[in-house]
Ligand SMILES: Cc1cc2nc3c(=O)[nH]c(=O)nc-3n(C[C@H](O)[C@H](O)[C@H](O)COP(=O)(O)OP(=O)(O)OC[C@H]3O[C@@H](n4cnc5c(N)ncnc54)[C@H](O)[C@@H]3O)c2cc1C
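Okay, here we've got a single chain as structure tokens, the form predicted on its own, with questions on binding and movement later.
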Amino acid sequence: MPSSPLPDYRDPCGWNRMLAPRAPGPSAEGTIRARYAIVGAGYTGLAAARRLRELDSSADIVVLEGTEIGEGSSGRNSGFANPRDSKIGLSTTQMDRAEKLNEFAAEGFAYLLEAMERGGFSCDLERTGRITGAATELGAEKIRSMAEGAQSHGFAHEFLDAGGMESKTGSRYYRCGIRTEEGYLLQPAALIRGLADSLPAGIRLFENSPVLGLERGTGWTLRTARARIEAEHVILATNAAIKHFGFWRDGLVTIYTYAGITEAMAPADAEHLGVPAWGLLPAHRLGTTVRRIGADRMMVRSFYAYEQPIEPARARDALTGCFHRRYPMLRHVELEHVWGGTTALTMNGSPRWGQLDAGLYGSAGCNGSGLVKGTVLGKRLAEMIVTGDPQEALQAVYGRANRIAPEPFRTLGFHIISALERRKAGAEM
């Protein structure tokens, strides 16, 4: 087993750096006993902890986070949230499944809103709608298909030509786009901090406590550098890092993605940033995500690496290029924060989720949609543990992840497919 399950993050999270300093909680020490131990204080782990407390109010619950809250993968995403999980332009058969997916997405989103309300914290949540933009003819074909699907299925939407895209985003880079009404933006580090700092009484959170070992006996024993945790039930809510414990290595790959936030711009420069609040997803999955942050900053997210991080300078150069291609009039504006984050991908987009062994459960492979999907998967995993409900409806809708080819074919295949997809993406990147 590797010495540490933590991702190799070489720069601090920009979202976290933009917030006021936060003192981390204590690390795990000594012998700790609990009915439930959760490894990972991301959206999945914290949702599971809250739901366990609701269903089993007398139980001792322990959450172990390998780093500081706000510096993990949950604080490093782009801050897009959506109570719908459907994609526009689907067939009638797919729409039937999409409606069921939307029910689970809405449940996860509502659970987040409830936690925010009870916790009394803000994460700059704002309903902005969502723009999908195209910079290539291939991307434009997808946009037109999305618009046709939206029309046929009755989804509220707005088709944007090049002028409309410039009006919304301030950039002349895009040929066209589509804006849908559903879609929220938020500050992800503020959200995960708020969720962690407002956990109900009876849940003990330990930070900077990576789990280095997991052993089965009459129950389960988890080992950190300075603690031994004994628990009846364990949830591994570590996403791709679940492979560290020997599970699902045949079905998950770790992808590093990179993001940057500009320095605060002068008012004259900020006039080029379009309408007050917007977020844009690319027409191609390897394209660049862009969003406006407040009055005077922009975020760009692009560039992907397989299983291992890239050098920070290379990521900064790539992201700076993405930003300046879209806003050549702002070539003097620099990125103040640049960082990497990880996600776990599966071959067919379905998560790995459920019972691993007696008293042992896991959730991984949110495929870049962990904020809402991870929340509902964590909530439902807690319900499975306490009530014994096998959650067959959820598993039927989300499906089961396919196995991925073994090494060295996996790495070779990834690089071949990535090269082809990058070529196809072209200016979307």
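Note that the coordinates shown come from a computational prediction; the quantities given were computed from them, not determined experimentally. In case it trips you up, residue 1 is the first one in the sequence shown, and so on.
Below, we refer to the form predicted in complex with the named molecule, which is not included among the displayed structures.
- Proximity of Ala427 to the named molecule in the predicted complex falls outside the 4.5 Å heavy atom cutoff.
- Using a 4.5 Å cutoff between non-hydrogen atoms, Ile178 does not count as a contact of the named molecule in the predicted complex.
- Though the partner is left out of this view, Gly42 does reach within 4.5 Å of the named molecule in the predicted complex, counting heavy atoms only.
- At a distance threshold of 4.5 angstroms between non-hydrogen atoms, Arg326 is out of contact with the named molecule in the predicted complex.
- Comparing 71-79, 160-168, 351-359, 134-142 against the named molecule in the predicted complex, the single stretch with non-hydrogen atoms within 4.5 angstroms of it is 71-79.
- Shown without its partner, this chain lists Thr343, Thr346, Gln187, Thr262 as candidates; in the predicted complex, only Thr343 has a non-hydrogen atom within 4.5 angstroms of the named molecule.
- Scanning 203-228 for heavy atoms within 4.5 Å of the named molecule in the predicted complex gives Ser209, Pro210, Val211 in sequence order.
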